[in-house]
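Consider the single chain below, provided in structure tokens and representing the form predicted on its own.
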């Protein structure tokens, strides 16, 4: 098992007689209950100045046999895919794919055959595992409209039956605010009746309401920054604001596993982009050092700006950014830091203030704090927080601010009400209890999966829990078998993940009760035995359950 803690410093590794493994992390083949003491000593020796708590992430390497069988599976699927394409070409098999008209054959092709090969022959066969239509609130459970296909998932028909009370392990409903009852739903309903749904204008014209300004002041207070700005779409918060911050003559250093919105924003900016290995501080520092020493290509002039793009929690890996080390490097090389807290805001930290609070850091050390309201707040849109002069600049230069319609007022009210609940400004401890319950559920769910023998990726405190499936045939099989047992899960495969690292991704919520998690875990274990998914070679002995309290959160054990 690959276990990492604290600063990945080569001198520290050498002193401990251990070589860095995947992503520069340390390979350790002890059982979980055996290496606790060793990790604490290592942490104290190497990272007392940067980390105030243990930092434990696991990325067990793919077993060799599993990797070989996975490649063989994709190879067989590819061969049969070409065979089916041949049969379609000769009209032996009916062709459902979009094709060029005969009179357009001499033009540049609109549909690239090779690019759509995976979609035609692999994705379509398991397409029923995605885009499932739900017909209820996506809370701890949901109702699902049943559908069937008579042409191998090219088209679907609704059967008219509704599958009731499916346990939801797929939605980003971390704090359980995606609900149709309670204070948030009531407040949003009242605002809808009073002010309507649409704003029909941009913020710079007639779409700037007092509720928008209240939301931004509240968000700035919650984040601990001078000012904040809200946007109507989370994806556009990244893709439209990064081009306003960086441009030609700037250098962007991006984590290799950054979200598509960050990647798109970096490309649209026109900046030079260099990618560092995921969460690998040696790789990042090398790029920073080279950028300072060599400057821009050809001219060797200094870069106008060096911007580091990272995420708080990586939604496919379940890993948490090594923020103390990133900030240390940022200060050392005089770079700027852009932190995307889409998945970490509300889900990490004793008060839900994200990865900055999780590590006990100063928000002022992060130049651009970005996040979304779509997950922990159960709403829509995103925000950017930072210094007042930065936010004032974005109000006038961001395409998402100047040209986009203002955020819908019921959505604004949902965010305000949920944020006040998290901060305790509603006069209750509901928000605090939800944050603690999420942390408790996360630790419990991850520990139980490891005890069962599954390979789990990510940080012990991350509510995003990737469970490795590997083989292509098991992607669809796992999703279908879980749904048969009334558990809704998200399965992910190539090209969203590396070709041999297909996985199921569970998202834990504060709305989940222990009975729900136990039911889901029993089903996962049953399906895991059926599909032979318990790949881990490092079995963890079951431990006694104990009540969750503040010390549990702090120990991270």
Partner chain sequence: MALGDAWKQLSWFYYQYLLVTALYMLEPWERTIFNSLLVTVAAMAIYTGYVFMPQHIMAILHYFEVVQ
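Positions refer to the first chain, counted from 1. All values reported here derive from a predicted model rather than from experimental measurement.
There is also a form predicted together with its partner chain; it is not shown, and the following applies to it.
Pick from 236-244, 314-322, 471-479, 136-144: which stretch has non-hydrogen atoms within 4.5 Å of its partner chain in the predicted complex? The contacting stretch here is 471-479.
Residue 330: touches its partner chain in the predicted complex, heavy atom cutoff 4.5 angstroms: Heavy-atom contact with its partner chain at 4.5 Å: absent for residue 330.
Does any part of residue 77 reach within 4.5 Å of its partner chain in the predicted complex? Heavy atoms only, please. Yes - in the predicted complex, heavy atoms of residue 77 and its partner chain come within 4.5 Å of each other.
State yes or no: in the predicted complex, is some non-hydrogen atom of residue 529 no more than 4.5 angstroms from a non-hydrogen atom of its partner chain? So residue 529 counts as contacting its partner chain.
Is there any non-hydrogen atom of residue 195 lying within 4.5 Å of its partner chain in the predicted complex? No.
One residue of 122, 326, 225, 390 in contact with its partner chain, assessed in the predicted complex (non-hydrogen atom, 4.5 angstroms): Selected residue: 122.
Listed residue (167, 126, 449, 275) with a non-hydrogen atom within 4.5 angstroms of its partner chain in the predicted complex: Partner contact (heavy atom, 4.5 Å) among the options: 126.
Indicate whether the candidate residues 84, 87 and 152 are all in contact with its partner chain in the predicted complex, with contact defined as any heavy atom within 4.5 Å. Every listed residue reaches its partner chain in the predicted complex, so yes.
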